[in-house]
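In the form predicted on its own, a lone chain appears below as C-alpha cells.
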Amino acid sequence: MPTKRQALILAEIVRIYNETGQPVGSKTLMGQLPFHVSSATIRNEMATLEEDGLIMKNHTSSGRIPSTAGYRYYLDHLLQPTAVPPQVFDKIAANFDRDYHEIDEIVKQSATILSNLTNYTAISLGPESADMTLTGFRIIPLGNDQIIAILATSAGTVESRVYRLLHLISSDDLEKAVRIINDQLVGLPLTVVKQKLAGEIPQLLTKYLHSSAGFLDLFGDVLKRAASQHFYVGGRSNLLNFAQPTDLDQLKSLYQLLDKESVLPSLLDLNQIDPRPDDPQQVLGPISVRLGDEFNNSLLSDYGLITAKYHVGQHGDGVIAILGPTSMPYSQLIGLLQLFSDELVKKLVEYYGYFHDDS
C-alpha cells in the first residue's frame, strides 16, 4: 500500500503519461506535484513505487510509466471524475435530438455518438427486460416466393427478416398461421411464447391449416432474433489507431474481434457490473474498468474497457462502454460516461413513454 505522498506521485505520473504519452521523470514531477520535495526524494519514492510494481521503467528513457497494477490502484483509489464541459453536453443533446422509430435506433446512435466524442471504440447494448412481451407479428409477401416476417415486442424492438417459402405453405394458410400466432401469443412474455411454440401451437396449426411446413421454423427464427441481445459497435476502426503496426495478423484479429456478438457478453463482463451499488465509498460508482490481462485475451493486453450499466426502470438494464488503450484519460472519460449514460436513459424513457402512449 503506497503512502499518501507515493499515491500523489503515482496519480501525477498517470496524469502526465496519459496526456503526453511520454515517460515521466523526477524533474518533470517536481514542477507538477502539489508539494515541494527534492528531486532525490521523488526518485526514492519512484523507486519504491517501482519495487511495488505500480510503475515501470521505459527502455528508451530514464522516466517511468504506470504499470497495469498502477493503473488499477489509481482507478480503485485515486481517480476523481472530471466535470463535462457545457459544450460537450450540448453536443450530446444535439446528436440525440432526432426522431427514432425503434429502440435499437437509439442504442445504435449512442455508440456512434460516444465513439465520435472520444475517438475510441464504443459498444452499446439496449435494455433487456425479463418480462418483455410479444406485441405483434406480421408477414408481408414480396413476390418470388419471398416474404418478410416482422415481429414487435413491448420493449419497442422490431425484428424483421426476409425468408423464402418455396410454395411449402399456401397464402391462405400463411394468413391463418399469422392470425393464430397473434390470437394465442400476443401479450405473453417471450419466454412463455417459446414454451407454447414447443407445445400447443404446433397442434393448433395442424388442426386449422392444410400445411404448416416451414412456418414454425420461420417464426421460431425471428422470435429467437428478437429475444437475443443486440450489441452495437461505433468507431471499430479506432482500435487500429493504438495497435502495434508490426503484426498485421494481430491487427486483423483485433478488428474482427468486435464483429463476433458471441464475444461481447464476456468482453463486457455483464454479470460483474452493478447499476445501483450499495457502497457509497465506491470511487467509480456504477462504472467498471477492466485492463490488460484482466480480459484473458492477448489481443487486448494493451487496452482498457470502461463500462457503465444503466437502468431504465421496468424496461430493464443496458450497457454503454468505451474501449481504448490502457493510457486513456480515465478521469475525463468516466465523467463523460456518467453523464452520457444519464442522457441515454432520458432519451430511452422519452421513447418508451411515447411508444406506450401511442400503442
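Keep in mind it's a predicted model, so treat the numbers as computed, not measured. All residue numbers refer to positions in the sequence shown, first residue = 1.
What comes next is about the form predicted in complex with the DNA, which does not appear here.
Want to guess which of 314-322, 329-337, 42-50, 66-74 is within 4.5 Å of the DNA in the predicted bound form, heavy atoms only?
-> It is 42-50 that comes within 4.5 Å of the partner.
Contact test in the predicted bound form: Ser62 vs the DNA, heavy atoms, 4.5 Å = Output for Ser62 is yes: heavy atoms within 4.5 Å of the DNA.
Would Ser26 sit within 4.5 Å of the DNA in the predicted bound form, counting heavy atoms only?
-> Yes - in the predicted bound form, heavy atoms of Ser26 and the DNA come within 4.5 Å of each other.
Is Ser301 close enough to the DNA in the predicted bound form to count, meaning some heavy atom within 4.5 Å?
-> No.
Just to confirm, Ser38 within 4.5 Å of the DNA in the predicted bound form by heavy atoms?
-> Yes - in the predicted bound form, heavy atoms of Ser38 and the DNA come within 4.5 Å of each other.
Out of 1-20, which residues reach within 4.5 Å of the DNA in the predicted bound form, heavy atoms considered?
-> Sequence-ordered list has one entry, Arg5.
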